[in-house]
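One chain is shown next in structure tokens, namely the form predicted alone.
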Amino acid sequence: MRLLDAVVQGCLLGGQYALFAAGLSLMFGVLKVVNLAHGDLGILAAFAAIGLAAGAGLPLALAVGVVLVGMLGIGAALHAGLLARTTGALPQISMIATFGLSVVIGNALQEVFSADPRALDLGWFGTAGVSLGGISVGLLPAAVLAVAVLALTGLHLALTRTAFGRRVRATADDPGTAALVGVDARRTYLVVTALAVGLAGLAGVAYAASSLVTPLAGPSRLIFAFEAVVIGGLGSLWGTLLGAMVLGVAQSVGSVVDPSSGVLVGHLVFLMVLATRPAGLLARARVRA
């Protein structure tokens, strides 16, 4: 029963990782860019929501809505002002640029909010749970998992069933050829980056509602998101969900064996997958498929 509970809690934890990883997977699948500021952008959204809800006194739903819209704008600005200048260049250039952005965001947040950990107060919902066969399931983690599944399902349907998705897949495959049939690659990249950063913002808000956050928590969120993406398969949306579940369960089960080794077990599983299946568990299920 204890092991089963650890698996259930790991799946719930995987929902949080899947939200962080969704935008990272989308950006890599389309732009071939690993955004090293992805985690910090999520933490930026978390502190923005906390500031608007607790500091400015806005209703929680309105604060979250304002933050998510703002993150879409930040994503568009990120591409127009930074990533567009590195498109087509060596991948190391965009990684260096986003690493610099990560450093700036983390230190700016620490300057404004100090190093004190904070959280987004959801009232009773934040701690409520139900018992299923002796296993406690928190309502908030379950909601986060549901949102992650809905977000990934929505992305999959948008990319496979809509005209926008056809433009995205064409641009991801060959932007030069896509341009010959009237697809504006720069506009497509901008929209995809905005969506990816919006997803990072949603993940950051969910993280702040689930636990305490600090201004320098971005890199750790990035590592977990990156591991989930690599385990599942770079550019694969369903692989991202699977990878997040595998990582969450590995950490949770590892914590049962040794409370101090949960994160380490997750890293070891990541390395094992990287060594045995470097393309990921669902390598063929690409965004552009």
Partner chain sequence: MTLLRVEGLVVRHGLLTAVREVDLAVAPGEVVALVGANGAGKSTLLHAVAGSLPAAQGRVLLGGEDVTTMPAHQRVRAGISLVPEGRRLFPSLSVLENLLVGVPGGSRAAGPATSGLPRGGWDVDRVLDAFPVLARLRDRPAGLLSGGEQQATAIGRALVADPALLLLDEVSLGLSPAAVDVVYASLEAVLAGGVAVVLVEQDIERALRTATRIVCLLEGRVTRDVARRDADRAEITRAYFGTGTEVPS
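Residue numbers count along the first chain shown, from 1. Note that the structure is a prediction, hence the values are computed from the model and not measured.
Unshown form predicted together with its partner chain; subsequent notes refer to it.
Across the options 212-220, 183-191, 127-135, 76-84, residues that bring heavy atoms within 4.5 Å of its partner chain in the predicted complex belong to 183-191.
Residue contact check for T177: one or more of its heavy atoms lie within 4.5 Å of its partner chain in the predicted complex. Proximity of T160 to its partner chain in the predicted complex falls within the 4.5 Å heavy atom cutoff. Its partner chain is not shown here, but in the predicted complex it comes within 4.5 Å of a heavy atom of R169. Put simply, D173 is close to its partner chain in the predicted complex: some heavy atom of it is within 4.5 Å.
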